[in-house]
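Consider the single chain below, provided in structure tokens and representing the form predicted on its own.
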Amino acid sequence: MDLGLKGKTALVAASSRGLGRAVADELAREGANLVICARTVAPLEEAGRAIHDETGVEVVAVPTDLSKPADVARLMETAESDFGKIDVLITNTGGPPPGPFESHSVEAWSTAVEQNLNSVLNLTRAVLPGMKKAGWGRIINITSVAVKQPIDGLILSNAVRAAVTGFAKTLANEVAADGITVNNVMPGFTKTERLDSLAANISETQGITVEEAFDRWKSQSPMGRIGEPTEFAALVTFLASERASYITGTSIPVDGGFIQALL
């Protein structure tokens, strides 16, 4: 299947590792040029070199703190200078820290909003004019299964990612006539450093081993296993393509059946 991504330009946030890196890899394999960003320079530049060497696509790596509008403006200036416009936006940020409500300060809530909501708003605001002018665009937000089935101990993520979902659903209606689709993809328990960190936290706070934490997550999936980043990236790449032109305003899980709700 030709996804029609050759020659398109995709901006993939937090793409030096984890789900963002998997998505960047998959988009590049389909022929999309990339703008990748993350806060830490060395892993970001290494990711850019590795993707280019494997696929031959053009990759521009821009160190960026997505919660800062000035950084986003600089990111877009670089992207427009190198490629002219952004066709596909993948928003993505690391999850906020775990813990119950009373363990999080006002500052922790503000940080979570800055990193996981405002970063989405900043990036979307930056790419939308160009997409409207082109009459084509894809905006895909990486959220979490927690927005459909809240996960105990992740109150910051449960709340803030739900805000992204409401924003995306509303925006999808506003820009549909401009040829722009807006969707969310909700990863379940997937093999990333984020999951390793959560397992370590559970081990420390609940007195179980890291292996037992992973076994617990596996038991919650009908497939009985943890997901692979490549499995997640495959759906994101399809939604970014020409083939997904009539899919918008939706949230799709990649979770091995974890979510038990009908809708």
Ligand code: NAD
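Heads up: residue numbers just count along the shown sequence, starting at 1. Worth saying up front: this structure is predicted, and the values here are computed from it rather than measured.
From this point on, the text means the form predicted in complex with nicotinamide-adenine-dinucleotide (NAD), which you will not see here.
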Is it the case that residue 137, even though its partner is missing from this view, gets within 4.5 Å of nicotinamide-adenine-dinucleotide (NAD) in the predicted bound form, heavy atoms only?
no
Contact label in the predicted bound form: residue 55 to nicotinamide-adenine-dinucleotide (NAD), heavy atom within 4.5 Å:
no
Using heavy atoms and a 4.5 Å limit, would one call residue 16 a contact residue for nicotinamide-adenine-dinucleotide (NAD) in the predicted bound form?
yes
Using a 4.5 angstroms cut-off on non-hydrogen atoms, would residue 38 count as touching nicotinamide-adenine-dinucleotide (NAD) in the predicted bound form?
yes
Given a 4.5 Å cut-off on heavy atoms, tell me which of 234 to 242, 60 to 68, 27 to 35, 199 to 207 is the interface stretch with nicotinamide-adenine-dinucleotide (NAD) in the predicted bound form.
60 to 68
So which bits of 167 to 199 sit within 4.5 Å of nicotinamide-adenine-dinucleotide (NAD) in the predicted bound form, heavy atoms only?
187, 188, 189, 190, 192, 193, 194, 195
